[in-house]
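Next up is one chain by itself, shown in structure tokens, the form predicted on its own.
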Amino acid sequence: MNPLSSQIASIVGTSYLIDDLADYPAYAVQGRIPILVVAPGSVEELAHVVAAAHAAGMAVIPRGGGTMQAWGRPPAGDFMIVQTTRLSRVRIYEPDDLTISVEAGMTMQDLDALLAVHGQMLPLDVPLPARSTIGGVLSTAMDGPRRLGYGTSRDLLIGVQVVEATGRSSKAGGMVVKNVSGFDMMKLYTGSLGSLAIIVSANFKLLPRPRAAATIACTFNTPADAFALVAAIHASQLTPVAVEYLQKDEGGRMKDEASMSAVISLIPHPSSFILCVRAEGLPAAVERHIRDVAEMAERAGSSRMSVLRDEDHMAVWAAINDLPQTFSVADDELLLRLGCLPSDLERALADASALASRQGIALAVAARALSGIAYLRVRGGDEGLRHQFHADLLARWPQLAILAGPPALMAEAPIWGASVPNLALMQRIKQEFDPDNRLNPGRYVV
């Protein structure tokens, strides 16, 4: 062992330190192998590990379940991975207060199972929940279809504990929903890709599980018809918790895109253009959504409409949640995230479809139709064509990020969009929190 390995082994024990990674490609970050992987068993151990790495001048990349390590630029230089999966305990759970505090290594699936016993939920729908951890979801600010009804992680988070670049531990927020004292530091950590601090625990406000739920799946012959229904729902008094637009590759060239295939197979009357409307709440409210959406869908030109309940309802949304996953991305594939005004989404997706058709590459879409967020999976052609597709679409829609792709492209392309708002301010914040650039160096925008 080198001196840093020996020091870290004395902190966590040799069983939780790997320092020979030639045979461990699972820990690679965009093809680059760390020199150490350490799995602390407590916040105190993690803090000591980070402090030791800082003193040794070693870069640190935090890792939970590893499902979103494709995000960001490839790491430069030597780095070690600090894995949080052993930090998976419940700190405080007050069912009567609808609040919970959990460590960052807990998976979303385990948290959901715990809350289900008490008829409660944390409505954050993320890809691969059996592997995705609380810390990873917060650091990437990954959204889900139900952001329409319940908001994102920023809206549900009420407290956080982090370990900073020097190993110092700090907290923000608390266990009270209406906590307004001091600066809202939680918003800085959420979505910062671990570049400011390592999230080690989080507190959330919870919601009761709905008494009833159903999916209204409508198929269409054209995107225009599907977005006519989106407009009708927006203009109505209905309050669906999710409205998801799905568009599969019309040419059938993405036959092995398992996630989209899984969604399509769960809908009784599949089509290239599908709108899934999710209703939750009191039984009477769910039935009203079914009735009114069916009427609006018929007026919008829907070819078929199906109502999914119980296991079928849960299965289709589990498959939809997995569509933006970046854990397994083919060599000839890109996953892009496009952000725009909801009123511009139809036009943005039309531009993407036209570009894909013109360049002869496959395109599958999963879009939060009333939130203006779309995930585009692009596949086929040569690397130059896919790169050109991204460049052409970026010229029209500047808020276009590459979440996963070949390391060479991730290293060179403007993966966070054509322009980053408040970049100078973000750089100043990074300088204050991590002046030596030890946490995820170079992987995020700062």
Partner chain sequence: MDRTNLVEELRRIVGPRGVVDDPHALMTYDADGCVMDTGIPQVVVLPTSTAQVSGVVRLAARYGLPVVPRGAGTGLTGGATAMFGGIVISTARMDKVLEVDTRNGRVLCQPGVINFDLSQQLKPYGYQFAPDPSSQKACTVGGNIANNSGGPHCLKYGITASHVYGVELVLGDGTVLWSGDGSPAGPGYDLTGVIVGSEGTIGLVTAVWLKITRLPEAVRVVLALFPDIAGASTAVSQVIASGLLPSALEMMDRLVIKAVNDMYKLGLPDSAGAALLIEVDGVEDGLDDLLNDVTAMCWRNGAIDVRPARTLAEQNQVWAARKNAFGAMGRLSPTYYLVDTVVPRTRLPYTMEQVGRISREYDLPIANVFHAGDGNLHPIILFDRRAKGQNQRALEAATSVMHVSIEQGGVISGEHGIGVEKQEYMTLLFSTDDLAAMAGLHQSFDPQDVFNPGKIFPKGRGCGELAALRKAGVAWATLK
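Positions refer to the first chain, counted from 1. Note that the structure is predicted; figures quoted are calculated from it, not measured.
The discussion below concerns the form predicted together with its partner chain, not included here.
Peer 1: Among 368 to 376, 81 to 89, 349 to 357, 265 to 273, mark the stretch whose residues have heavy atoms within 4.5 Å of its partner chain in the predicted complex.
Peer 2: Contact-bearing stretch, as computed: 368 to 376.
Peer 1: Tell me whether A130, N221 and Q388, taken together, all sit within 4.5 Å of its partner chain in the predicted complex, counting heavy atoms only.
Peer 2: No: none of A130, N221 and Q388 comes within 4.5 Å of its partner chain in the predicted complex.
Peer 1: Taking heavy atoms and a 4.5 Å cut-off, does S195 contact its partner chain in the predicted complex?
Peer 2: Yes - in the predicted complex, heavy atoms of S195 and its partner chain come within 4.5 Å of each other.
Peer 1: Please tell me whether any heavy atom belonging to R299 falls inside 4.5 Å of a heavy atom of its partner chain, as the geometry stands in the predicted complex.
Peer 2: Result no; R299 lies far from its partner chain in the predicted complex.
Peer 1: Taking any heavy atom pair closer than or equal to 4.5 Å as contact, tell me whether E164 reaches its partner chain in the predicted complex.
Peer 2: The answer is yes: E164 has a heavy atom within 4.5 Å of its partner chain.
Peer 1: Might S328 be said to contact its partner chain in the predicted complex, defining contact as any heavy atom within 4.5 Å?
Peer 2: Result no; S328 lies far from its partner chain in the predicted complex.
Peer 1: Let me know which residues along 413 to 440 have a heavy atom within 4.5 Å of its partner chain in the predicted complex, or say none if there are none.
Peer 2: Residues within 4.5 Å: W416, S419, V420, P421, N422, L425, M426, R428, I429, K430, E432, F433.
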